[in-house]
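Each of two forms of one protein chain follows alone as structure tokens, named structure 1 and structure 2.
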Structure 1
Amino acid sequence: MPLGNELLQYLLTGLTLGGIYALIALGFVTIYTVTGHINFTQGEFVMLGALTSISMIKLGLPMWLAITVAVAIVGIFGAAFERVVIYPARNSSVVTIIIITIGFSVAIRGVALLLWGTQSYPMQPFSSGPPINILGAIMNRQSIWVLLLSIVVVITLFIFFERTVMGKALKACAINRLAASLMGISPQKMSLFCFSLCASIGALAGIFITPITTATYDMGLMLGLKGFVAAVLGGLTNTTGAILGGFLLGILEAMGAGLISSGYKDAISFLILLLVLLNRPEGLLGKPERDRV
């Protein structure tokens, strides 16, 4: 394959990866801006969405209904996680919350191992047909679904935050929790809704990528870490930065795997994280963090 076609192939692969990373990064950023917490359980929401939808399909539900039920179940689980695990520790330090979410993610993987085992579960692509040839590069049809999901989620979140009362209440909590509470907005209720929303987005990301990668009980570990890298790369307080960071990370990872070695794929992500933390801790589009009130 000519070098130009190879680079285009890596670019298309990177866009697919980047779309998933961007969705996971949006979960990190949304929860952090509203609650001030970094939720390392976000990757497990991705895994739960994928495996739950597969289980629903095996029970005989049509794919669209299985996806809807799985997203709803994971959304409820995200709300329960916030109320049972995060809410009692809401006044703890940032480090304590991080340790709690890491510990709970390990517990979720353990339960998933008992429920689904170690095998990989495939899912039928959303649309049939041969891969699409784009200027000599190949792109499978499920990758297009992933990109469409990323676009739809980003547009929907923009409309939600800018045009709805609930969205503006979440933004108010992100800007100043004390002022929001004085205006009658409950930061506790916003936190509950935020975790449920981000869990649902993570579940969708897991479902849409499963026809490409298959689903396993531990898929959320690396996807969650990549989403966190993307969030830090773009700026933990900037949703646009999360999207940019996700796609940039996906493209750099695909290019590195293709041009250097696939064995360095994961190492490239964490090298990028180290470089960003050392040179621009606030991220590409983030602003230097001030004391939160």
Structure 2
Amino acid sequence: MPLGNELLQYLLTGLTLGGIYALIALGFVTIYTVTGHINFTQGEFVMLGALTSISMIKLGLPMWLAITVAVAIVGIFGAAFERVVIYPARNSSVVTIIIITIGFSVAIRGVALLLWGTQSYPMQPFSSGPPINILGAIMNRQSIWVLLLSIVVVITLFIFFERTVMGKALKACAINRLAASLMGISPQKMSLFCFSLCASIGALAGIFITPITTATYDMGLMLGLKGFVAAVLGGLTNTTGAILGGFLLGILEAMGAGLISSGYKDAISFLILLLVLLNRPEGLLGKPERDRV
């Protein structure tokens, strides 16, 4: 295989991985902008989406219904999580909230272990057929679904934030929580809605990636971590940034593994991440936060 083809292959693989990370990063970013919290449970929403849909399919539901039901269940779960866990602690410090979300994700993993055991579950790809050949490089069909989903989610979020009342209210909360509440927007309701929304996005992501990655009870840990990295890389406050961060991370990983060293691939991407952060402490597309006196 000539080098050009190889590079193209790494790029395509990077896009697949990037699509996965970007979808998860979106959840982090949306919650962070609206509520100011970093939600380490995001990875578990992904896992819950994947495993719930698999169970629904096993129950005999058609694919589309299984997906809808799973997304709805995880969405409701996200809302419940906000009400029971985040709401009582909403005024705590950054570290406290992080610990709470980590703690809760441990508990969710335990529940998943109880329900689904330790084995991995496969899922049929959404469309069958051989992988697609692009100039000699290969991309499997499910990756295209993942890419499509991330594009659709970004566009939907954009329209939602820019064109709907609800979205504008969320955005107002993101800009200034106090002012928003003075305008009659309840930040608490917005937070509730936002968690539910992001849980659903996470669930969708989980369902779309399972045909590629298979699903296990502990898949959320690594995915959540990579999603967090992508989100921060992109700037934490910017949905476009999340997508960019996700793809960048995916491509770095694929290129690192292919061109330099498969053992060091994560080290390479983290090193580049550090270099980015040192030059742009607010992430790629984040606004520089200035301390005001």
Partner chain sequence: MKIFAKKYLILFLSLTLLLTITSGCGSSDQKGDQETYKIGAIFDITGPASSLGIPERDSALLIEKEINDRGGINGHKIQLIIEDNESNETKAVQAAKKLIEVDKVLAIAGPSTTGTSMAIIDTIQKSQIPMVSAAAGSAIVNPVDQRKWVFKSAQSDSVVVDKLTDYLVETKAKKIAFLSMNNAFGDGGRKVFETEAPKKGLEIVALEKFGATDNDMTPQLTKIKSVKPDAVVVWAIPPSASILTKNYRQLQIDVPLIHSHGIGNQAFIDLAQDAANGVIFPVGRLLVAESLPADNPQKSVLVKYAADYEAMFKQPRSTFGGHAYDSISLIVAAIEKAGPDRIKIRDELEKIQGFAGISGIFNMSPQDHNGLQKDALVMVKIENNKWVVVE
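Counting starts at 1 and follows the sequence of structure 1. Just so we're on the same page, rigid core means the largest C-alpha set that superposes within 1.5 Å between forms. Just so we're clear, the structure is a prediction, and the values are computed from it rather than from any experiment.
- Task: Name the structure that is the form predicted alone; the other one isn't.
- Result: Pick structure 1 here.
- With both forms fitted on the core, give yes or no for whether the Cα of residue 276 moves by 2 angstroms or more between the two structures. Comparing forms between the two structures, the residue 276 CA shifts at least 2 Å.
- Message: Given a core-based superposition, decide whether the C-alpha of residue 68 shifts by 2 Å or more between the two structures.
- Response: Shift at residue 68: below 2 Å after core fit.
- Message: Can you give me the Cα shift for residue 260 between the two structures? Core-superposed, in angstrom, one decimal please.
- Response: For residue 260, the alpha-carbon shift amounts to 2.8 Å.
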